[in-house]
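As C-alpha cells, one chain now follows by itself in the form predicted on its own.
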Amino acid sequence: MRKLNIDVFRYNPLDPESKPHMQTFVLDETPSMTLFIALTQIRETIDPTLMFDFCCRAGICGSCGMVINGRPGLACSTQTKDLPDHIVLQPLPFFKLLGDLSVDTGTWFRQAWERIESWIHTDKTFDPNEEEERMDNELANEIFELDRCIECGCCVAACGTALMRKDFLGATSINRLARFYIDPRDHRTEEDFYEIIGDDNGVFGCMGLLACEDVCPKKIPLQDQLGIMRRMTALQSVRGIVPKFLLDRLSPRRCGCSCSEQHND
C-alpha cells in the first residue's frame, strides 16, 4: 500500500486573512481510489474546510474539473494508481476562483451560450400534438457526438489563447456552434454563423496547439470541428470576390461528417 502525498492549492477569496498556499495531505492509497475519493477522505477525516466541487462522480457532470499534476482533468475519473505518489492539485485557471479547488464555470458557459445563441433557430411553431421530426440515424449520431460536452471547462483551461484573452470563445463554444451548423432543424445561414465566430474571438483566434482536444475527458473531436468551421467562415469572408461555383465546390457541407474529404463535392 502506497502513501500518497497530495499537495492541494488552498485559498479562500472571501477570507481577508487567507493567502494562496499549498497544503500537503498524506493518505494511504486504497484499491480503485480516485482523486474524488481521496479528496472526500481528506475533507471527512482531516480538514472539513477543503473546498472542491462534485456531483455525479461518474464523469458526466463536469463539476470536479481541476489541474492534476499540471494537466486539466476530472477528479472522479482519475485513479490514483495512474499517478505518482506525489500529486499536485490546483484549480482550473481562466475561471473565477471560488475557493481552493472550486471554480465558477457555470457563469462563463452561460455567457458563452448566450453569445453563440446556443439554441435551434427556426420559424416553425411548436405543436405538441405533432410527431417528432425525423432525421437520418447517421446524422443524428453525428449531432450526438458533438453534444456530449459536459461543460467541465478543461479545454478552456488548457487553451493558450483563452488564458491570454478572456473574450475568446474557446473550442467548446465552437464545437457547440458546429452542432447547430449540422442540424437541419436550425435555419441559420453560413453568414449568420460567420457573424458569431468569424473573427479573432472565434475560429481565427485559435493557435492550433491542440491542447483542448488532448485534455477533453469525453474525447470529442474538437479540432476537426474547429477546422470545418474555420473553413466555412474563411470562404464566407471572400464571398463576392471568389466566383460562386468555386466557393460551392470548396464549402464544407452542412452535415455531421468530420472527414474533410467527404465535405467536398
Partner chain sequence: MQIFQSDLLCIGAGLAGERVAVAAAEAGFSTICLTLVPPRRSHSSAAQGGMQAALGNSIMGEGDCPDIHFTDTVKGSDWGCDQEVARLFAENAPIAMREMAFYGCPWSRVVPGEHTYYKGGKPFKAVEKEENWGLIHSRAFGGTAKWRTCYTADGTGHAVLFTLDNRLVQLGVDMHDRVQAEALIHDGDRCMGCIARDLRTGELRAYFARATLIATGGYGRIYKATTNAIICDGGGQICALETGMVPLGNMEAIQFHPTGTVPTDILVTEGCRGDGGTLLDVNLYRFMPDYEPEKAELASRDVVSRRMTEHMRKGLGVKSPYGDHLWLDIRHLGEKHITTNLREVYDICNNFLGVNPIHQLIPVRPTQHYSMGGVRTNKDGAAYGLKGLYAAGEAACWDMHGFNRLGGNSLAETVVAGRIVGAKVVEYLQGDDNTVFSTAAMRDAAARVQERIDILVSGRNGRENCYAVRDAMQEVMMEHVGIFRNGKDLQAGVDKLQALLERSQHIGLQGRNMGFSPELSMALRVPGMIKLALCSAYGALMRTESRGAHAREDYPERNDRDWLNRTLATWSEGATLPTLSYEDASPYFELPPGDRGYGGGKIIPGDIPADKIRPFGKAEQQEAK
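As the structure is a computational prediction, the values presented were derived from the model and not from experiment. Residue numbers count along the first chain shown, from 1.
From this point on, the text means the form predicted in complex with the partner chain, which you will not see here.
The contact residue chosen from Arg185, Arg165, Arg71, His86 relative to the partner chain in the predicted complex is Arg185, the criterion being a non-hydrogen atom within 4.5 angstroms.
When you look in the predicted complex, the only residue of Leu210, Val26, Ala234, Cys55 with a non-hydrogen atom within 4.5 Å of the partner chain is Cys55.
Within 4.5 Å of the partner chain in the predicted complex, a heavy atom is found for not a single one of Val67, Glu191 and Phe204. Proximity of Tyr181 to the partner chain in the predicted complex falls outside the 4.5 Å heavy atom cutoff. At a distance threshold of 4.5 angstroms between non-hydrogen atoms, Trp113 is in contact with the partner chain in the predicted complex. In the predicted complex, no heavy atom of Gln225 sits within 4.5 Å of the partner chain.
Contact annotation for Val103: at least one heavy atom lies within 4.5 Å of the partner chain in the predicted complex. Applying a 4.5 Å heavy atom cutoff to the partner chain in the predicted complex picks out Glu132, Glu133, Arg134, Met135, Asp136, Asn137, Ala140, Asn141, Ile143, Phe144, Asp147, Arg148, Cys149, Ile150, Glu151, Cys152 from 132-169, in order along the sequence.
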